[in-house]
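In structure tokens, one chain follows: the form predicted on its own.
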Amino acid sequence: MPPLSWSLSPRSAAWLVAAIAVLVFANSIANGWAGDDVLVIMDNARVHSARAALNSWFLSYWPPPYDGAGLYRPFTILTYGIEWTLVGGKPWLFHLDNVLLHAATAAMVVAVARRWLPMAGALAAGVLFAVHPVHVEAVSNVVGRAELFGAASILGALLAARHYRDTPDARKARAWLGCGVAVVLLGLLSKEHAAIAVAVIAVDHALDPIPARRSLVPVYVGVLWVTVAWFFLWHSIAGDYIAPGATSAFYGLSWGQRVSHMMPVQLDLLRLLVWPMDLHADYSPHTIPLRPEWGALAWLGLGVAASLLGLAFALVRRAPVIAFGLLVAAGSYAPTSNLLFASGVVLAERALYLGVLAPALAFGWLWAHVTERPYRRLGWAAGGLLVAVFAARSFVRTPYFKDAPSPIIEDAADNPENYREHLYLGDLFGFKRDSARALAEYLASAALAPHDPFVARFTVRAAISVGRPELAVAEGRRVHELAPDDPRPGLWLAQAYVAAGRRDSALAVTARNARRLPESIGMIHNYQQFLDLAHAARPRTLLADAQNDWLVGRLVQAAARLDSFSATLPASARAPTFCDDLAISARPLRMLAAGVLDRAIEAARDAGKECEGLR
């Protein structure tokens, strides 16, 4: 008796896979807000109406104070705003849409695989993709929407490119071209990973067994054009790839040390794709131990990664579907791999969403071959058992994200060595207004990760809230020494000094940072803030404000402030910090008011000071 899937049409197979995906993940519709859902959606006024979401189109993805994380996803934010408007902020619609989007993506996997596999294999690939447990985080957390959109847009653009090169009708070809480019644009506005769409289309084109009817150059040009345009838009709004120190687990490590740590992580990556039974919400140190020194595990990880890439190229002719899955998985993982540049995470299950194509397509290839042979009953039994186990694991895992406290408490119990879990526990106690226990968790996190200066954002705040300002000062000093070039630790130290009643010390530390890094807007902003708090003399505030105007390009305002500063001479030259204040604003003084600078130096000399290095 032939397998039932052989008699299915491609459309029926896609619908069947979509239905299986909905069935396995339907229980996530009952989930509430968990993980980053709280910051990005529940507590974020930008998504509490469609109008607010549209007004935020040119703002970064994360709300303040996390908006320096280098992400720009306005279309994802817009979908949240629309859903919030429709149901008044009830989470069920958000989760339902995630499930439907995952189902649509799984259905597209069937269409992608059908190019190389018989119907049985394409169906098997789609089913495994639909039920894979690594997907739970992306589907069950609403913020996983970005991953789903990114993957759907890449596969959608690939299918559009296939239709473009297959159709004999020139008018339809133009329509498919426009559709593909539009899908890529929506993907880019939803998730940065969609930038690999042009590479995925190229790999698919190279491995396609069917000769193209027309050149794919217009597709490449169109996709590249929107990708480059998006890149400049993203960069202008969200800054560089990621803010300095955002990957705080790697803070202070060189590129080589970071790679040494990430090589063993490739073994965890392989395990998650092949046998994802042990899952975690967070893989920060020391759930995965920090290994900055090259060792045997690093060599093993490098060997595994190189072998898989070598296997992909070796199978280009014999099993192009497996080669395609491996290459796309590698490309989708690369932006968060920390190998090319530091990303925001060590390892995240949600970032492996499209990477599941590798095991899914390999499974489909094996299924197609096994079911054609005499021992197909054994193949059906083994394959069916694997799918059933994966589906059960996903179904059981989904309620793990039912609310904000659940994953925090369970992960902290399972992984007490993970320093970030103690941060999350501290936040949870803080929400319950148990400041003492929150401080204890934050200090435990700092003890587990003394190299991460950004834990002090929590320890300093909590120490101040429980009336321990000297502890806050000690923590502030420690982290300021770890990250002297980042404005945030300096700000936290200054806040601790204020809480301890030492406003002069707060102003001194921000002034010292501003002198050392006068081109850092963050340092200047901190300095301005504490000048105002200390009710500093007007000449100091004029110079600081002029430096800020210079940095943001307000040259007319900067020149006007320097003119006002000139009117305070020579009396202001008697201030003990006069030369240091001039040094902070040296560039605008030289470029916009050389005469004022000359007068200031002469006034300082008359007051018995030598302001060296200013001319």
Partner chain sequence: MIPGGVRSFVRSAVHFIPPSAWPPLCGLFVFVLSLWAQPGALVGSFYDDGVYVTLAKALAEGQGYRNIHLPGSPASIHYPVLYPAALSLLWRLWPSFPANVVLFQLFDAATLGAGAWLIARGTTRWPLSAPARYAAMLFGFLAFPLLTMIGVRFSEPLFLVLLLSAVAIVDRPAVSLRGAALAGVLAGLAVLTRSIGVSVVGGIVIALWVRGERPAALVSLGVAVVVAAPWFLWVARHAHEVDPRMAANYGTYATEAGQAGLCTLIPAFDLRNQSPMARLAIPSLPFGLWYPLALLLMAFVAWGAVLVWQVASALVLSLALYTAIVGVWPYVPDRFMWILTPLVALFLAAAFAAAWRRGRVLRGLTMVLVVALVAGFARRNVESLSGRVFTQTAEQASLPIRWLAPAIEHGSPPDAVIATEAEAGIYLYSGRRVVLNSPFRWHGRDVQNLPPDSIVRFYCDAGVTHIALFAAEGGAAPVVALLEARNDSSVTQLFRLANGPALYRFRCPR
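Computed from a predicted structure; not experimentally measured. Positions refer to the first chain, counted from 1. We call the rigid core the largest set of C-alpha positions that still match within 1.5 Å between the two forms.
Form predicted together with its partner chain: not shown, discussed below.
- For Q557, a non-hydrogen atom is located within 4.5 Å of its partner chain in the predicted complex, even though that partner is not displayed.
- With a 4.5 Å cutoff on heavy atoms, A388 does not count as touching its partner chain in the predicted complex; it lies far away.
- Under a 4.5 angstroms non-hydrogen atom cutoff, its partner chain in the predicted complex lacks A19 among its neighbouring residues.
- Proximity of A567 to its partner chain in the predicted complex: non-hydrogen atoms within 4.5 Å are absent; the residue sits far from the partner.
- The stretch that touches its partner chain in the predicted complex, counting heavy atoms within 4.5 Å, is 583 to 591, out of 43 to 51, 570 to 578, 29 to 37, 583 to 591.
- Taking L93, A534, V203, L233 one by one, only a single residue has any non-hydrogen atom within 4.5 Å of its partner chain in the predicted complex, and it is L233.
- Checked against its partner chain in the predicted complex, the candidates V221, I409, L309, I210 yield a single residue with a heavy atom inside 4.5 Å, and that residue is V221.
- Interface residues of 205 to 228, taken as those with a heavy atom within 4.5 Å of its partner chain in the predicted complex (partner not displayed): S215, V217, V221, L224, W225, V228, in sequence order.
- A displacement of less than 2 angstroms separates the C-alpha positions of S28 between this form and the one not shown, with the rigid core held in common.
- When the rigid core is held fixed, the Cα atom of L59 travels less than 2 angstroms between this form and the one not shown.
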